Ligand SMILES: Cc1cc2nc3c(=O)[nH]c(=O)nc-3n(C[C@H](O)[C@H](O)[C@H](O)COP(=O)(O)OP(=O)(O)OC[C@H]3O[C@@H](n4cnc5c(N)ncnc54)[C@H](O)[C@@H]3O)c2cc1C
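In the form predicted on its own, a lone chain appears below as structure tokens.
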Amino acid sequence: MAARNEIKEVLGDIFAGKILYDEPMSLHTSLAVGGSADAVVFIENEDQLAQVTGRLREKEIDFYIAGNLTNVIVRDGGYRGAVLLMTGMKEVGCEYTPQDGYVMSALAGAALAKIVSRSVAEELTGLEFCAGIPGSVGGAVWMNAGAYGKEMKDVVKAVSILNTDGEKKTMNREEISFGYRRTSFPVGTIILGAKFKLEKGERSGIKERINDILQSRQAKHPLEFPSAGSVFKNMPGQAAGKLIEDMGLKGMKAGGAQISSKHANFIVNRGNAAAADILGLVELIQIKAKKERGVNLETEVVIIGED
């Protein structure tokens, strides 16, 4: 456990960017809940990331890396250590070579909305399924995010990483094992960026597909309230939302939190919810699913911090 003054001492002489101490995570998570982290560090580039993580590891100070905290629940007791946000690592580029065809490169902090928008501008197809997903490239690759019949594994060509020794390397698609909402990266690996293999398409058709997906999300998902997206992973042949609805839990409230009445696999913050309210509903769903259906529901959201 690291005190804030220790983190200040560790990072003070190597980092030139923005650091906030004793920072409420409710100001940064998409659910708008969470106690204070000892430090929130806004990473500007790969070199800073390597320096910061190297020093934190050396001093055995815990850290958590995120793009934009859209699928993270921080408990009300906050996070003891440093939360690193890759807000400066968001560059996106495209190139064509006869050997590789059309390839889009994006750093880990780039929003999925940005790469979708760039694909439209470049008339490249393959990333339409990412439309409306609020995460960043690093998190999406790490968890093999997917929707509408496609996943990141279908478009990833290579992934740039920083290993636990502070070494940068590139892993080709064939070196990475992708599963349902998981990948085979070693524990402690940090994703720096990714390359995506895309195909040339027609802008009108790409935009039409994206608009169809966005309209579908608007109709099905409770976008009017803060949420962390899908709370639970689906099971083979069974959608978590349908299971929760069938158990009669749709619309149930706890404090300022509610199991969405629009989509039961979303838990929303209807105003002034605490993380404990949300996590109480998560636990209720898991207990009921196990007791009544014999199902172990696994969370898709990441839960960090202390009660």
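All figures in this text were calculated on a predicted structure; none of them were measured in a lab. In this text, residue numbers run from 1 along the sequence as written.
The next section is about a form of this same protein that is not shown, the form predicted in complex with this ligand.
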Worksheet entry | this ligand: the contacting residue among Thr189, Asn234, Thr125, Ser105 in the model of the complex [heavy atom, 4.5 Å] | Thr189
Fill in: Listed residue (Gly81, Gly229, Gly88, Gly201) with a non-hydrogen atom within 4.5 angstroms of this ligand in the model of the complex
Gly229
Practice prompt. Would you point out which of 204 to 212, 145 to 153, 163 to 171, 115 to 123 contains residues with a non-hydrogen atom within 4.5 Å of this ligand in the model of the complex?
Written response: 145 to 153
Worksheet item: Can any non-hydrogen atom of Ile65 be found within 4.5 angstroms of this ligand in the model of the complex?
Response: yes
Discussion item. Please determine whether Ala37 contacts this ligand in the model of the complex, using a 4.5 Å cut-off between heavy atoms.
Written reply: no
Worksheet item: Does at least one non-hydrogen atom of Leu69 fall within 4.5 angstroms of this ligand in the model of the complex?
Response: yes
Worksheet item: Looking in the model of the complex, any heavy atom of Phe42 within 4.5 Å of this ligand?
Response: no
Worksheet item: Since the partner is left out here, which residues of 205 to 219 would have a heavy atom within 4.5 Å of this ligand in the model of the complex?
Response: Arg217
